[in-house]
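Heads up, the chain below is alone and in the form predicted on its own; it's given as structure tokens.
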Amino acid sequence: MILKIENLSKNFGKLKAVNQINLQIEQGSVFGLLGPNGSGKTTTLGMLLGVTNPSSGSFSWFGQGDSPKVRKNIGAILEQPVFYPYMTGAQNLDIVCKIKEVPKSRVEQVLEQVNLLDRKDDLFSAYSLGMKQRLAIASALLCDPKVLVLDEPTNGLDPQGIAEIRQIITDIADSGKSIILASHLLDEVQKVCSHFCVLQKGNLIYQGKVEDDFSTSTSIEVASDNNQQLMSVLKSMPHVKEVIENEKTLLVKGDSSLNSLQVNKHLTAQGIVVSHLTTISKSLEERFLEILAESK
């Protein structure tokens, strides 16, 4: 286990920014911290990184509590990256090496990890927003941390920049490091995270595994020349929970054991030829909205 949080709270006057959060994050996870604006994501990360003090509760990194020595095993980007604009990317990382007491030999290694080695001698002021974000990740990787903490790493990036950051996060996770990622871009979280939780108004309202959460149900879109007959047959199928009639198609909702091959075989056996058949995957955005609605 890399992190254990127990009843962690943070108050700003009468405002409860974070309210008695309990959470455990296992080694090797890519953990997504989700929530609307003002839900307490950044405040939670700030406490975990020693930027702000909790009002109550506790947390422990690697089973060793919390101290500057323990936090040396954590690389983090909590706010917008701050570098000297009149220095090159490599020169900025040299300064970080001195601060973190890391050998300068690490600079080219991390620049290669984030695909910036060929731009190491360019001024930071000439970097695109995506390149600046990649340099920030390189800075966080200098101390070869066990855990990488990223707060909105793709915020403000164009689709190409988002794809680049996503690939870097995937590569870092594949190297064996654990990652804690706060984001509001739900599609990106679904693509890179193994686990996730949802915060709302400072409260932890849900946590689970991405794989498990999106394999509990199946939706299949199907159509034929006679949708009324099709609906009747589908409703009698095992594992089908609901059949919804749309304008030209039927949406079949069932449990995780239902799949499009079974549906097609069953309909063929009943003498029905389908003109359309496709599996609809639930997005994290849909699940996220469900979770928020269920918590009201």
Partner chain sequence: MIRLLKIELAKLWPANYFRILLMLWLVAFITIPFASNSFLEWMASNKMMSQNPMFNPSQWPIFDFADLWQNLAYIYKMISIFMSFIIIISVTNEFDYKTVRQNVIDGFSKKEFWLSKISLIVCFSLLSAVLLFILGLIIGYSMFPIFKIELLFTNIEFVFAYFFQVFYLLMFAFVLSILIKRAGIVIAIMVFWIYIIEPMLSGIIASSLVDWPLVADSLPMEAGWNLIHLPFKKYIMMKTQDFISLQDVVTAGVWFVFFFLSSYLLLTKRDL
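Note that the structure is predicted; figures quoted are calculated from it, not measured. Positions refer to the first chain, counted from 1. In this text, rigid core is short for the largest set of C-alphas that superpose within 1.5 Å between two forms.
One more form of this protein exists, namely the form predicted together with the partner chain; it is left out here, but the text below deals with it.
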{"item": "Partner proximity in the model of the complex: A223 to the partner chain, non-hydrogen atom cutoff 4.5 Å", "value": "no"}
{"item": "4.5 Å heavy atom contact, G50 to the partner chain in the model of the complex", "value": "yes"}
{"item": "In the model of the complex, S125 touching the partner chain (heavy atom, 4.5 Å)", "value": "no"}
{"item": "Touches the partner chain in the model of the complex: A76 (any heavy atom, 4.5 Å)", "value": "yes"}
{"item": "The partner chain in the model of the complex reached by all of R166, D187 and Y206, non-hydrogen atom within 4.5 Å", "value": "no"}
{"item": "Answer option from N155, Q91, Q200, N115, heavy atom within 4.5 Å of the partner chain in the model of the complex", "value": "Q91"}
{"item": "Partner-proximal stretch of 189-197, 92-100, 105-113, 158-166 relative to the partner chain in the model of the complex, 4.5 angstroms, heavy atom", "value": "92-100"}
{"item": "Core-aligned C-alpha movement of L123 between this form and the one not shown, 2 Å or more", "value": "yes"}
{"item": "Rigid core superposed: F83 CA moves 2 Å or more between this form and the one not shown", "value": "yes"}
